[in-house]
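For this one, two forms of the same chain are given in structure tokens, first as structure 1 and then as structure 2.
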Structure 1
Amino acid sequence: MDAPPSPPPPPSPPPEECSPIAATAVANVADDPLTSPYASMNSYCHDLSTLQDLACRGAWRTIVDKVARSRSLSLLSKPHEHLIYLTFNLLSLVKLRRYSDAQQELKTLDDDLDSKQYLYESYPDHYPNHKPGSMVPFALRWLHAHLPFTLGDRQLALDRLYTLLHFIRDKKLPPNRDSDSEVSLTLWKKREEFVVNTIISHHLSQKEFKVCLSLLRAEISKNDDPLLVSKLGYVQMQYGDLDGAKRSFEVVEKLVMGSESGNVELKNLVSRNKALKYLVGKDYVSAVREYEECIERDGSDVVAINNKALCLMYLRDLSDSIKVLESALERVPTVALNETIVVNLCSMYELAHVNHADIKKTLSTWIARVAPDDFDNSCTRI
């Protein structure tokens, strides 16, 4: 199942040259950059652009060190800055699988994230011109819900995720549907999809298929998104309803073909669904053909790359299956380097080579040089 989309990053800095209107706007909000769409990330929060860059590169240990240093030197002057740095620190600790440390960090907050102490209007001296509302980042709300799951408290995690879902759905837009409210609507829709996908993943991990089907059908009734309908097909397939999955995949194909869009991602979605049907029927040759079409359209489609290699392995063509994964790691390491692909590649090495230990050590050395901090090196099984 495709992973849900992550929350979008903070707005990018403005271009160096801007219109006279924009320049005037920048000058007018010098005292309160939070209200300006033209303010840079660093004027919004101390050195935020560096944190953003480090997170994009997976430098989680560096973020933890930077947050500790900023706190020790008292570089954070406003309440919202403390919350932003706490969010980056919490995310980094979770990524590094330091869940107990993350729990201790979270305990520094009030468990009620809607408390008055997290409202801009509670600090008029700091935010004299800011509109009322919460300063809690959405990512912090999601981490607050997700963390109990990593500590073994699944029920608390689900309770918080459902509470977060209701929070998102209760958000009200201003009555005038201007461009800003449209942007806000799009953003909250993405957040809703993200949380729904997280909830479905939790239920799916426990094989609670009926709950997943109910959630997906409720979402599809509001928005017949091809991605959602595909997820419905995946759950139906795991549930054993192959005919239902086939019908869902046919609906996806009609939606994509009827949209008259040249969206490569959606075309690949249709091809991957077809390949999945061939896989279930053990027609690996036809599945490989579909995956090859996906890779021709998008050379970084790691799902198609991984599944093509597995199909070739099932066809007893270990040499080519290894080449497919090695080529992907060489061409697009930033997207292909994940634990699933490395585990599969190491399994193929073990089947194909007598000296697989030496080959896996070479792979592990390369991974240590290029992988983000949160990569789990144990997947090489050395």
Structure 2
Amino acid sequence: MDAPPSPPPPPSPPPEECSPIAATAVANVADDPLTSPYASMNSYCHDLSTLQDLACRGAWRTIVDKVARSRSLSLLSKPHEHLIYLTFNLLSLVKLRRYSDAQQELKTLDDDLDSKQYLYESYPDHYPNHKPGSMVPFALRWLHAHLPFTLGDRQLALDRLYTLLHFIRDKKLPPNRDSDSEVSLTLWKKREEFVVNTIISHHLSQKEFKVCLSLLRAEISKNDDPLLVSKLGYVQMQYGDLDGAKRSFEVVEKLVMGSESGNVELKNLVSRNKALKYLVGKDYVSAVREYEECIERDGSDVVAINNKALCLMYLRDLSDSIKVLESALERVPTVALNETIVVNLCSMYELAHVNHADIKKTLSTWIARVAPDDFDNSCTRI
């Protein structure tokens, strides 16, 4: 549909920057708020705030069009701009489930993301006095690792993810690295957590529970985050170790009590865990009560809303379970419009109505009007 993306053009230095005086002038530009490349998002990268806004609105098709147009009109001048636009384009194609197009986009890059052409120091005219380093957005590395999975090669994706994890641990996190930027170190730690969690997700969807337990426990020993320990509890519940899950949830409660107990998010986490305990004990009434407390504290807690609806169904109240989901979609569509909730609602419609095709069509029409570009309509099973 789009013209094949062109590789980033070789940088062409403007004539003024050849003289040493001009070089000094350029060096001071960074500090001058009026001409600094960091004055605003858009001065740093062409129209970047628009791209970000489109992404937040889920307008992925628009992003693909915009990238194609920017390229064909040669609106991008700096190497890092090309890379950022490429990353947005790649992400959009993956979000839109256009995986072969995404692979084509990725092929325009050098196989080796550590190649010289992605380093600031290779373009001294564009980035004078810039600290050397890679201009590759980290998301691009992640997408490069993830893409084989979308094309059916799960094993290659996992291998790349583990390689990426080692890259972070060996090159970016060791104690005596050259950069002394605290911010940078924090970012890399977050990226490490991000990749580990992606890996665990792969193992979890393959039901390789013991690997998940082992990876989660290693993460928890580094960082006793109540959310992480909750995930451990959910894994235990998923394969049936109810006692183990109960113990994990007790640890979460202790952690939350200790820290900022005023935090609504954490309070709801503890309540939702409690509700799950009631649910597996078949005490659906108490589970519903816990979920209602969550919803009262935070009306957009979609996990509580969804799970409450399921409990109502197990209490033989199919009508109310449908009402709970429908009202959430109406009230807070931007958080409630989620493929899992739609799957549950459609299952309930199929049970409640002999002629469920009509009501599902109504839902589907509403979704088409409201949903972001990446919403997967196959969840309605029409």
Partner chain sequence: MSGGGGGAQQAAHSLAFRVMRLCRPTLHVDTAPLKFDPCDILFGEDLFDDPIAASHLPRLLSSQSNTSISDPSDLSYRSRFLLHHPTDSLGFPGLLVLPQAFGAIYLGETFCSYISINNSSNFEVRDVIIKAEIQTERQRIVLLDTSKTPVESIRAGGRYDFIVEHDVKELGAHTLVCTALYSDGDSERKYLPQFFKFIVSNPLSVRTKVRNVKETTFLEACIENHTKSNLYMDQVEFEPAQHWSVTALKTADHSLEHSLLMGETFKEPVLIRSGGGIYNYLYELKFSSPHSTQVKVEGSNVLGKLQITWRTNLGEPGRLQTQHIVGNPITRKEIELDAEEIPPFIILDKPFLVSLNLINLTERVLGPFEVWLSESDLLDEKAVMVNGLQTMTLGEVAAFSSMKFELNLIATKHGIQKISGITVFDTVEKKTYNSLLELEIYVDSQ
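Every residue number counts along structure 1's sequence, beginning with 1. On a predicted model such as this, the values are computed, not experimentally measured, just so you know. Whichever C-alpha set is largest while still superposing within 1.5 Å between the two forms counts as the rigid core.
Quick one: identify the form predicted on its own, either 1 or 2. Structure 1, which is the form predicted on its own, differs in this respect from structure 2.
Any chance the CA of C56 moves 2 angstroms or more between structures 1 and 2, core superposed? Not so; C56 is displaced by less than 2 Å.
Would you say T340 moves its Cα by 2 Å or more between structures 1 and 2, aligning on the core? No; T340 is a residue whose C-alpha shifts by less than 2 Å between structures 1 and 2 when the cores are overlaid.
Rigid core fitted, is the C-alpha displacement of H353 between structures 1 and 2 2 Å or more? For H353, whose C-alpha is compared between structures 1 and 2 after core superposition, the shift is 2 Å or more.
Can you give me the Cα shift for H166 between structures 1 and 2? Core-superposed, in angstrom, one decimal please. Here H166 registers a C-alpha shift of 2.6 Å.
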